[in-house]
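Only one chain is included here, represented as structure tokens and corresponding to the form predicted on its own.
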Amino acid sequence: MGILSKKSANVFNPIDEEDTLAEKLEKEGKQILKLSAGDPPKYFKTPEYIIEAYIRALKERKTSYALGIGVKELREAVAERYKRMYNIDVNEDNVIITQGVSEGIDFVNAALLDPGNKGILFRPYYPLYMIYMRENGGIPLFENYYEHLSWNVDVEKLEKTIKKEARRRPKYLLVTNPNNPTGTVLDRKVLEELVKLANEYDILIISDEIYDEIVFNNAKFTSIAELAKGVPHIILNGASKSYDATGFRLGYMLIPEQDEKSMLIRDKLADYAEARLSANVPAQYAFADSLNNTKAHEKAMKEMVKEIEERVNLATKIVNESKFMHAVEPKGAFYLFPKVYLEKMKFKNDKDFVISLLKEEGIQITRGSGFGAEGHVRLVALAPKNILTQTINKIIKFCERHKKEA
């Protein structure tokens, strides 16, 4: 009998799988250009008002344990944010603080799934959705974000998928909006139809909205919470992206409804939070102050989103001038998810493409198959425009060098 559990085989992160090779190459003296990690503070300094709030919390000695569900001030600030931005009538009792959205995803799967239960995931998906589902014995029921629909959902196909599972109804349906890895902002009409389906078939909606303020190219973001009034749902969000503070490791779960199912879920998620003690306490107080400092936040976000929009659009333009790749125009977050025309090149698959690119050119990107979409790659467009231009042009030259002969 081996020392490791069978379920541990499900725990690995495709986003980080080339990090060891990249580190090895760096030790050998090779410069590595990274377009692989969605980590805004590496390129956009966490705003000074957030740093000052953290320092203030430390100086005030707010360093002891707190409630597992989170400090009251932060839960109140989250509730106020949703009232202010989305006209959602909630209070601090609807909010549970987590160590990043990742822990929230883990808690939700642990609380909802028994071995063999299913949840609906849309491909391409954020890899940790799959990791935590399978670790908890869940089975993914796949639907797609369709590239020919600009990475939106085909609701009719989704309903057919659900009807096939009539005997064993999926426990939940999970959407990411804005989307990682595609950069899509889902249409309001699509979201309305998803809510209608979830209500009709009694399926919990989970919406990961961590990029909700990073929206551009004239797109309009709609929170599921605006549409799912009266329908059980969970919103996942946090400090990492719209507050440019990934290292704080703070997320939250918002469970807005008051029906019996929602209250059962909320109470059990609170149990999971209490069982691991508290998330980073001074960071919680700093995040609370940041949520309440709307004037400073709006100024910082306006500047950051404007620059992200320019960088994403530049990267998309360069990619789409190539005959080897094509990306649907992103509307949010800071990713491109181009299809790579592997049939034009001498690569077996997208993983072979990514590893070869790293070894030969010192450029680290992420394979699309890690997100459930073979033949694609994910590029992070956070780097300055000159670096994006240089790096993507090197990728195109790499493709040209490996093209198949006519």
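Each residue number is its position in the shown sequence, starting from 1. Worth saying up front: this structure is predicted, and the values here are computed from it rather than measured.
The same protein also exists as the form predicted together with a small molecule; that form is not shown, yet it is the one meant from here on.
The listed set Ser290, Ser207, Ser240, Thr184 contains one residue whose heavy atoms approach the small molecule in the model of the complex to within 4.5 Å, identified as Ser240. Contact annotation: of the candidates Arg134, Arg249, His297, Arg311, the single residue with a non-hydrogen atom within 4.5 angstroms of the small molecule in the model of the complex is Arg249.
Remark: Tyr82 does not count among the residues lining the small molecule in the model of the complex, judged by a heavy atom distance of 4.5 Å or less. In the model of the complex, the small molecule sits within 4.5 Å of a heavy atom belonging to Ser102. Although the partner is absent from this view, Tyr129 contacts the small molecule in the model of the complex, with a non-hydrogen atom inside 4.5 angstroms.
Proximity of Thr176 to the small molecule in the model of the complex falls within the 4.5 Å heavy atom cutoff. Remark: of stretches 207 to 215, 191 to 199, 281 to 289, 319 to 327, the one touching the small molecule in the model of the complex is 207 to 215 (heavy atom within 4.5 Å).
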